[in-house]
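Presented below, as structure tokens, is a lone chain in the form predicted on its own.
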């Protein structure tokens, strides 16, 4: 049966209009991206050069945390560590407001997800208006589990309803979340860092270890994951302090930002990147508070090498099986990025 040309035009026109309708971006636009995870937005010359040199088009900027502590927050879920913009964002770079939600806060939000979604968005919009930011995307970062998944998903649904129709919602995805139903968002960012056991001194590297990551890449879960996925890799290091306990074992003490201890006579390097404290030392780490470590404490320095990152990146690229994705670095900090050459960073960003 032949269809009259005018009738065919009437049938196809609605489909053409639908395809042209503006919709939230999936984020797979070939843009180099980076996280910004400090409480004051201020860029030095080296960081501005880095953004330009690597053609960074998108910055995931942590706006604030959503936290709950019975004593510190008077039993309320509240925002904390809100960012303050001392500098403006360089021209041509899209800002994605990113909100970190603790698991304790997520648990307390149950049955009130609509209320907290509105509060979060109101605070985000206020910060954006104050700093002349027009976001196209908002990201929620939460290490949800099977116990908090329902609450987080309801929060995402409420956020999507409250967003402008031209805005999209994204969520971080931990490796252990890949086997679960994806959250109701427009896209995900796979966090390929903080993969090990921070509390265990014998762990190979709590930031990034191929041994910890490989089990999550054995099957086709990446290629078959229902959401568009970008991938975030670490470009940072830290030190982990442990205190001795009975039986020759050690207990986690704290995280230290400092990673260079070569000028401290109180410390002895007993193994590569492992230091033993021989006498009491105050490592205030650039902060105002004292940060004492005592005799027989152990400091473990952790930082993934570019070689290690690129090995895992090749594994992930292969498992994604040609799916378009962007690569993201965590995070923008001259002191951290100085440990990686320009060529190494370019290789991590490459999409081949």
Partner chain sequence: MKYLKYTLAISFMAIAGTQRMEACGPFYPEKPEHIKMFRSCSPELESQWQEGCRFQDYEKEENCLLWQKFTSPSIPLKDIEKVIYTARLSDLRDLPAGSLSGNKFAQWLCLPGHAEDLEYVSIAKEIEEIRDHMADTWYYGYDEDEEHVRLDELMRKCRTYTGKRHADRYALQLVRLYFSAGDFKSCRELWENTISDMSANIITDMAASYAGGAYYRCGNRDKAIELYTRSQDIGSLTSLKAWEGTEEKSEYTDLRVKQLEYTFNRFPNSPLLSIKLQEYVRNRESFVYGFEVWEDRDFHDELKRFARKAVSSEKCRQKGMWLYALGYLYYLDGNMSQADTWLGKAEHADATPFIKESVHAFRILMDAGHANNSRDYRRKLLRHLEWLDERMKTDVHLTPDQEWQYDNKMNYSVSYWQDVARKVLLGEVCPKMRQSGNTPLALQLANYATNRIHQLSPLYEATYGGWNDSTGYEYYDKIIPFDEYRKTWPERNVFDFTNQFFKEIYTAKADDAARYAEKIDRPTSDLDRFLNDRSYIDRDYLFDIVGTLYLREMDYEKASRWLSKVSTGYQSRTNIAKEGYFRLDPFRYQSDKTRLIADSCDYKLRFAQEMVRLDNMIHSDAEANRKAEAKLRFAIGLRNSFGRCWYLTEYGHNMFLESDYENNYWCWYTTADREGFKDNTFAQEAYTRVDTMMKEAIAEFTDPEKAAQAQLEMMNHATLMKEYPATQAAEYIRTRCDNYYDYALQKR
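Residue numbers count along the first chain shown, from 1. From a predicted model like this one, the values you see are computed outputs, not experimental measurements.
One more form of this protein exists, namely the form predicted together with its partner chain; it is left out here, but the text below deals with it.
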Practice problem: Counting only non-hydrogen atoms, choose the one of 88-96, 249-257, 221-229, 134-142 that falls within 4.5 Å of its partner chain in the predicted bound form. | Solution: 249-257
Quiz item: Of the residues 193, 261, 216, 238, which one places a heavy atom within 4.5 Å of its partner chain in the predicted bound form?
Solution: 216
Quiz item: Ok, 282, 161, 107, 278: which has a heavy atom sitting within 4.5 Å of its partner chain in the predicted bound form?
Solution: 107
Quiz item: Is there a non-hydrogen atom of residue 201 within 4.5 angstroms of a non-hydrogen atom of its partner chain in the predicted bound form?
Solution: no
Quiz item: Are any of the heavy atoms in residue 166 no more than 4.5 Å from a heavy atom of its partner chain in the predicted bound form?
Solution: no
Practice problem: Using the partner position in the predicted bound form, report whether residue 119 sits within 4.5 Å of its partner chain, counting heavy atoms only. | Solution: yes
Quiz item: Closest heavy atom of residue 68 to its partner chain in the predicted bound form, within 4.5 Å or not?
Solution: yes
Quiz item: Hey, which residues along 121-137 are within 4.5 angstroms of its partner chain in the predicted bound form, non-hydrogen atoms only?
Solution: 122, 123, 126, 127, 129, 130, 131
